[in-house]
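Read the single chain below, which is given as structure tokens and is the form predicted on its own.
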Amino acid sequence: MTDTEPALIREEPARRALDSVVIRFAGDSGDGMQLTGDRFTQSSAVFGNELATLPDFPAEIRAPAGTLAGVSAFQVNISDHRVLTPGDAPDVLVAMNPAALRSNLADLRRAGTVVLNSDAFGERDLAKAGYAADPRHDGSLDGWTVYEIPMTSLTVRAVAPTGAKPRDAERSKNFFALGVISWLYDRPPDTILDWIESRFASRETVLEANRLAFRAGWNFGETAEIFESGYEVRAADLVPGEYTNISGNTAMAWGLIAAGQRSGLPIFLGAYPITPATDILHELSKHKHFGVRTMQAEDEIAGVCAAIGAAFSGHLGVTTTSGPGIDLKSEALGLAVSLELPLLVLDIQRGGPSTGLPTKTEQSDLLSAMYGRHGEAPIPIVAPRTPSHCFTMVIEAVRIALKYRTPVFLLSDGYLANGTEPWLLPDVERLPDIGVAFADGPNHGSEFWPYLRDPETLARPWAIPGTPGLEHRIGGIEKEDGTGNISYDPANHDTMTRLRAAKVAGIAKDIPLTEVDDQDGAEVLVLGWGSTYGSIAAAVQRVRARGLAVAQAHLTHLNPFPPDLGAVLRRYPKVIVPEMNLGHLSRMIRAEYLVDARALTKVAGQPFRAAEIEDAIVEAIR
């Protein structure tokens, strides 16, 4: 601590105990709201809270400062018990400017708390946000508790000892806000201060400015006496072990590394950067010591073709993308189906079509993954349900790809990719052994037949190029069953098409049965997939708390379906399928099982609120 740096005031105030609180930080995209929310989240994770987060990025890369298009927000739900969602509505809104207030106020629960940066409410700021009058004085904020704090000017004053110019000093105001909220909710300050020290070690002036701003915000909360009281959200009762706070994309990258270790295969990722999948490429590129090779390709087609080539050479071939990239990769995916090589396609879904809503979430690629290729080209599909579950499901996807020699789709989305939750680190030695044996010699007399299939899985042998005696053809033209010779014979094409379809269909015998959270007397089943899990589970809990019976099932394997799914569905007179699309899974269920699966749809770029699903369940029951 320098002579000019204020010490943290640590008088212990009387604090009100809360079992949970939902906080949303919102400001201009240049205000560091994602960083602020992330640091508050990490501090809460270290403290031992259960939590779930919802980052909300603007779609415009450089929207005009202070406008609605440039608002960035980060919502976190911290709790002393298990939480399933980032919260339907924030209890606290920290708004750094009028645009942030206007964009987010409607979501704030009534009687909630608004913390404003009062320095940002000048006439020009209000005009850019579309306000005809100052909402602080026209009754717009009646019904909420409002705290006005001149964050910008207080930050400039606190940072003055560094010699930073006022405009540069203003950039630390997010740390002032973080200090205030950290004091208000009794977050451990050392976690944040240590991070500042590490993160900005190479930029001494920035380090000092952020540290001073955070301390000033903390001390303001302690001494200003504007808050009714501080609050306390106690640590959750978690299973003992080592935890980390993890996002879906990071969990997926780590799952790929674990899959490489458990399979004994080097990993190759061929990817073209695309929101919201790019972080997987960034994370994997840090881990070359685990046998990971990453290639940032010139386009989506090159990325997947390089991954197919890597699979041919005996690597674990992976490509990452989002919806527009799947469109471009479709012909190459048909080639991978024809070659019958293991390939992993990680599709982090976003709002579409075309560029659509590149920073918002959606589940609208399911039918594309299922049918979006010419010819009969079936591909298995799996989907994680939470950010940390991405680790488990990427290993499952690799297992299927290797065992059955097939491309596999894994469908995540922007909500899972960017959201975070606490994750108990697994015992790596207890992860499944997914090792694979390569062909090492002739398999048909003295010859090697590249399409001579395993009688149980129908998988063909995997032969490494250059292995003496295992020379064989590859390519997109149909091959002869067994020999792999090019064949234009109609009967052979019919045979090969049906064999490829039977191979994928047979995976149903190798996946778990449908897990149903049933309740005696339930006549309504809520069936979900992917990231709707948390909202559905929370809604089911609320409905049961009202004394009503409802059942829940959540699919992680979407092609093929679990073998008992039809029997499960027929047990319930009513089936509701919440999806962030216009009814993809519900169409598949209706077509496959002839049941009246009713779609509950949302395509707003935001995840379901639990209350939306709760209302639909109650209406179906009554």
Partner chain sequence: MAQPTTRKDWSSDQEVRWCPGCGDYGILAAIQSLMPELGVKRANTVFVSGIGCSSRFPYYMATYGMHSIHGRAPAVATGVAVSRPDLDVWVITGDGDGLSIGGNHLLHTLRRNVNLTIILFNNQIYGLTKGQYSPTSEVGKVTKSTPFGSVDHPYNPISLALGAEATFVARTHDVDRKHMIETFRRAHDHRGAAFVEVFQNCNVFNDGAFEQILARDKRPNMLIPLHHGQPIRFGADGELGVVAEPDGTLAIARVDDVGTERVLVHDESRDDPGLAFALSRLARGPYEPTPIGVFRAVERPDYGTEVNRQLLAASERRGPADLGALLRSGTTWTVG
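As the structure is a computational prediction, the values presented were derived from the model and not from experiment. Positions refer to the first chain, counted from 1.
Omitted here: the form predicted together with its partner chain. The next part is about that form.
In summary, the region of this chain contacting its partner chain in the predicted complex, judged by heavy atoms within 4.5 Å and restricted to 223 to 231, 545 to 553, 462 to 470, 496 to 504, corresponds to 462 to 470. For the residues 129, 292, 522, 120, the 4.5 Å heavy atom test against its partner chain in the predicted complex is passed only by 292. The partner is absent here, but in the predicted complex a heavy atom of 243, alone among 243, 147, 451, 144, sits within 4.5 Å of its partner chain. Each of 332, 474 and 488 places at least one heavy atom within 4.5 Å of its partner chain in the predicted complex. The shortest heavy atom separation between residue 214 and its partner chain in the predicted complex exceeds 4.5 Å.
Contact check for residue 287: a heavy atom falls within 4.5 Å of its partner chain in the predicted complex. Interface membership of residue 102, defined by any non-hydrogen atom within 4.5 Å of its partner chain in the predicted complex, is ruled out. Taking the partner from the other structure, its partner chain in the predicted complex has a heavy atom within 4.5 Å of a heavy atom of residue 268. For the partner-free chain shown, 423, 425, 426, 428, 431 of 423 to 456 come within 4.5 angstroms of its partner chain in the predicted complex, judged by any non-hydrogen atom.
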